[in-house]
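Heads up, what comes next is one protein chain in two forms, each shown on its own as structure tokens, labelled structure 1 and structure 2.
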Structure 1
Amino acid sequence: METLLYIALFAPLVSSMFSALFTTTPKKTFVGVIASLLIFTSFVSSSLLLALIVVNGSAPVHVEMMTWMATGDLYIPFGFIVDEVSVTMMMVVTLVSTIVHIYSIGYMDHDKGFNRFFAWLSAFVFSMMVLVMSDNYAGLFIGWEGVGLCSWGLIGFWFHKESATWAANEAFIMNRIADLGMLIGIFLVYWNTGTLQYEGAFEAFQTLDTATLTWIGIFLFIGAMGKSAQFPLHTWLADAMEGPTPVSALIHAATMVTAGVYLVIRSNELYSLIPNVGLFIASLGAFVALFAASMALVNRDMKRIIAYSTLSQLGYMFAAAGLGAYWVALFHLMAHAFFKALLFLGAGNVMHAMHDELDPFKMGGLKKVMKWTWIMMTIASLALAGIFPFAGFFSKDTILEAAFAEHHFVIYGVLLFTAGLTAFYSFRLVALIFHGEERYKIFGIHPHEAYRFMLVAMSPLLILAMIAGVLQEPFFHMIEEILSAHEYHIHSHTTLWIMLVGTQVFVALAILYAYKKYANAFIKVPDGTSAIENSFAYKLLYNQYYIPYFYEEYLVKPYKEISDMFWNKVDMKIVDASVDGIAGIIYGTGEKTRAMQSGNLSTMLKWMVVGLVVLLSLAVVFGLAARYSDSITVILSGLGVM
């Protein structure tokens, strides 16, 4: 089993290193093929590990490759663990990564950076595997920073575009701000427990006071807020859509942005001891779910709408984890990865067909020429909306049941209302893209369906979006071995059925309203002149509640002005001037004294005489000072100097 662990972990690294060998050469299709095969190898190994753990009831696989740090009482190994939680994440990461790699062979076919793209993409997968497989917080943090670096490289992959480099820097910097909080949390773990190993730290948590645990939980969650784009560190996620669409499918739907949720789930034994922090996490998650959904209602960028949807669903996951329903959060993480990656890849098909056009109002009627993409995106949207019997119904409904069963009715109400908004904006997008008048003809665009192998690559996600819900019970029985899992049931069957039917009716009505409003043949491309577009509510949502504007005007610009001032006034006129002045003095002294080394015999004899006179003078002075030291002391005392 250790061999399988190493294959699952290091196959993506080999894939990245292999692809990196060709980054300076023209596009070679075999680079993408071999990279995809190596990621598939990691998926197969992860699948076998899952089978051994679940079917055979094997104990978790725990290996220590070597010592990483050992000084004093600090001992951190390169250790990895495969248990029910980590193997679930391994399966999600490697399955979606395999599909995205294969899909990218077609999507990036005409891109000059084809080979470089696969090097970055595989490096990201390796970093993500380190994150989820490490058996300690230090190893998790290494993977955490690795996915941050790879995300920077992939978001800014088209670095010739200023918007892409800006988005990459925004994501990187905002995550570093959050990671400072996470580092403090990790330091607090070691300071109070003497270890960073999960097992040892979790045992020590039982003996710590609530105040200490609260601070640890808060600082670790700050790191999770940045990586999972929770308010107020959320603005980078939508801007990160500047990267290639396969990047959005892998990083910003299925893997990296869920790392914060994984951190809370992995630290469940900590958060179970501090329910007040858990309630804050759940409340923030519910707020973010509604907050992000509201912004998706009016947005006119296809990828940004799906990104806001991801942000909203992350809120659902944190709501579940904060309420102590850790297995429910993990199940929704898994189900969401399938249908959201499918949505993003479908959006990639549409972008290719529409020559990178992102405004759904400029599309319409595409189902006639993109039948399979229409089917896939419609089913993915049904799963996202939580329509029975698709995957999202089972995972989202269980979160609602958990909130209701725990008597957090405000959180339940917010999440229920958000479900309706989710259904509306999801099918607003589907209606605008695939139904109604063929508005794209006005712009001279001739759309076409994606390559057949790209559609075939997407088919596993389509199947899982439809059937993943049936895995809920087996998943629950597997995960209860490691998480303090329990099923959430409403005691009254009547209440339960009212909730289920009511939610489905509410969501269905939202879908019908979206179709009625946006699927007709006379939708006009908005030009900013309608009463709705000029309303305060529309502008508020369209401008993201003016939060990016606030950050730019009151944080970024003042910081830049202060930096410019310190650069001009302090750095240039004091620091640089001091260094340059010292260098000038030394250089000038050297220029004036270089005559001493002219090689002229008479000149050198003169300098020897000067040196001899100086030495003799110093000898006389020090000799007299030593002989008459007492007299000198008396004289100085009389003068009041000493």
Structure 2
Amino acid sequence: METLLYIALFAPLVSSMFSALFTTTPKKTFVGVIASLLIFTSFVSSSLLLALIVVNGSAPVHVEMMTWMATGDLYIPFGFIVDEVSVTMMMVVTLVSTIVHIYSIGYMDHDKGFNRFFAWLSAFVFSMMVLVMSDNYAGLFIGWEGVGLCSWGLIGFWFHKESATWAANEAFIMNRIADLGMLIGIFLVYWNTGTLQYEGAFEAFQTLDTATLTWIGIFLFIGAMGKSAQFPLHTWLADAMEGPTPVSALIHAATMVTAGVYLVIRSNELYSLIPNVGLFIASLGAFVALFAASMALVNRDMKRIIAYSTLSQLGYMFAAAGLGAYWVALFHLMAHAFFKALLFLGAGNVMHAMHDELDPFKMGGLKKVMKWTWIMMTIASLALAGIFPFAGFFSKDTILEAAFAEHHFVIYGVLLFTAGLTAFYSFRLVALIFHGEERYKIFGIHPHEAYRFMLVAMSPLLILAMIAGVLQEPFFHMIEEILSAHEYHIHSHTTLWIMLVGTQVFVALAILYAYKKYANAFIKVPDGTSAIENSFAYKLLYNQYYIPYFYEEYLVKPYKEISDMFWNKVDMKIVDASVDGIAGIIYGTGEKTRAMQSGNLSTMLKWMVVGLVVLLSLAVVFGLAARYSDSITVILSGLGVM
């Protein structure tokens, strides 16, 4: 068992280091192949661990690899735990990353940084595995920072593009802000419980007062907000789409951004003690779900639309987790990872076909040339919209049921409405890309389907997006061991059926409307003249509620001004000047006294003699003083000195 754990954990690291060896050399296909194989190894090990835990019902694997820090009362080991929650995450991470690795061999085919890409990508997988497998908050934080770093490296992968480096820095800095909250949370945990191990900390939480727990919960959640791009730290996620599309699929849809949800689920024993914070999380989640979905309605960038949908789905997860339905959140996390990664990879195919064109209005009618991609993206969108019997139906509907059963009708209403929006913008995208007129012809593009092996690599995701729903029951039975899970049943069958059917009809109508509006032959590339484009709502949504503008004008610029002031006034005039002054004095002394080294032999001999004479005179003085110390004392006392 332990061997499996270590293989699962370290195979990605080996892969990363191996690929890193070739970062400066031209593209070598075998690097991608070997990296994929190693990640696949990790996936196999994770699957075996899952089998052991689920089928054999064995206890969680808990290992302590080595001591990391042990000073005084502080004891933090590199400890890893594989229980039902982490093994679920491991499965999601390794499965999606295996697929993305294989897919990238094709996607990055013509890229100069091919080898470097795999080094970063595998490093990300390793960090993510550390994050989910650690048995303490410190280890989690290492993984947390590790994924942040890799995300930075991958968003800015095409660092020669100004926008890419900007987006990478934005993501990194915004996450750092949130990480401060997270760190404070971790400090508070240690301060109040004396340990960072989940086990010990959770036990100690039971005896702490609510105020302390609330603070801990809030600060940890701030960390989660950054990583999962929750309002108001959400702007980086859409900009992160500057990275290569496989990165968006793996990091900014399926895995890293769900780390915040994972943190809340992992700390469920904390959050179940503070239902008020939970309610806040749920409300924020519901708000973000709606908020992000609204921005997706009008956007004209294929990847950004999917990014907003990710944001929106993360909102769903937080809503579920905040309401205490941790297992539902985790299940939606898993299902979402499958269909969202599929959607992104499909978008990657489209981008390749369209020579990196991102505006769906410039596409249209692609289903003729890209049949498989069309099928995959349609099914992924159906799953995202929550149409029976695809994955999203089971996970999303359960969230709605949970909200309803917990009598949070506002949250329920918001989420339900958002489900309609989700369906609309998803199929707006599908319709614009694959149906209608072949508008790309105007731009002289000749699209082509992706490599066959890329499509094959995507197929597991396609299957999972279709059938993941059947996993709901077994998943529930597995997870109830560890998460305080209860199935949400709406007491009246009639109500339940009305809700189910009603939701389905509502969503289906939204899809039909999207098709009707965007799959016809009259769609033109917008040129900013139509009435709707000039409406206030459109502008508001298109400019992301002017939040990036607000940040730029009211946070970034004043901050820069303050920084400039500190640099010019404080640093240059006070700090620098005093440091330079000291250096100047030392340097000047050196310049002045170097005359001692005249190179003249007589002078040099004189210096030696001077030294000796000084020593001798000191010796004589001291010797005399020692010899006549008695009489000196008498004289001095006579003078009244001693």
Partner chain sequence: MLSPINVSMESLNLMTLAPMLIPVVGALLILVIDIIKGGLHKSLYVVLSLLFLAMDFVAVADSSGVFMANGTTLGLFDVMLIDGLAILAQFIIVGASMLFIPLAMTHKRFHEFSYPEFFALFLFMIAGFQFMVATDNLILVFVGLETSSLALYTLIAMHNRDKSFEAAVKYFTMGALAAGFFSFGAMVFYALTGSVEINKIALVLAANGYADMGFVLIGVAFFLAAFGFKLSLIPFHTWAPDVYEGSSAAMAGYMSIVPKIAAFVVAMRFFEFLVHSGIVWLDVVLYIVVVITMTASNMWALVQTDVKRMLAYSSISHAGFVMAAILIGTTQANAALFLYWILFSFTNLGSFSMLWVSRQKHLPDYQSSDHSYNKFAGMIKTAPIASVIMALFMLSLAGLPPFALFWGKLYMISSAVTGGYTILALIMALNSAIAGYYYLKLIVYMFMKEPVQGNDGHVYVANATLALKTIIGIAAIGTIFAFVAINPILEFVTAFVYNSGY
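Counting starts at 1 with the first residue of structure 1 and goes up one by one along its sequence. Take the two forms, superpose them, and find the largest set of C-alpha atoms that agree within 1.5 Å; that set is the rigid core. These numbers come from a predicted model, not from an experiment.
Each of the two structures shows the same chain on its own, and it is structure 2 that derives from the form predicted together with the partner chain.
The Cα position of Leu624 differs by 2 Å or more between structure 1 and structure 2 after fitting on the rigid core.
The rigid-core alignment places the CA of Pro26 less than 2 Å apart between structure 1 and structure 2. Core-superposed comparison between structure 1 and structure 2: the CA of Val470 stays below a 2 Å shift. Overlaying the rigid core between structure 1 and structure 2 leaves the Cα of Gly584 displaced by 3.2 angstrom. Fit the two forms on the rigid core and the C-alpha of Leu601 turns out 5.8 Å off between structure 1 and structure 2.
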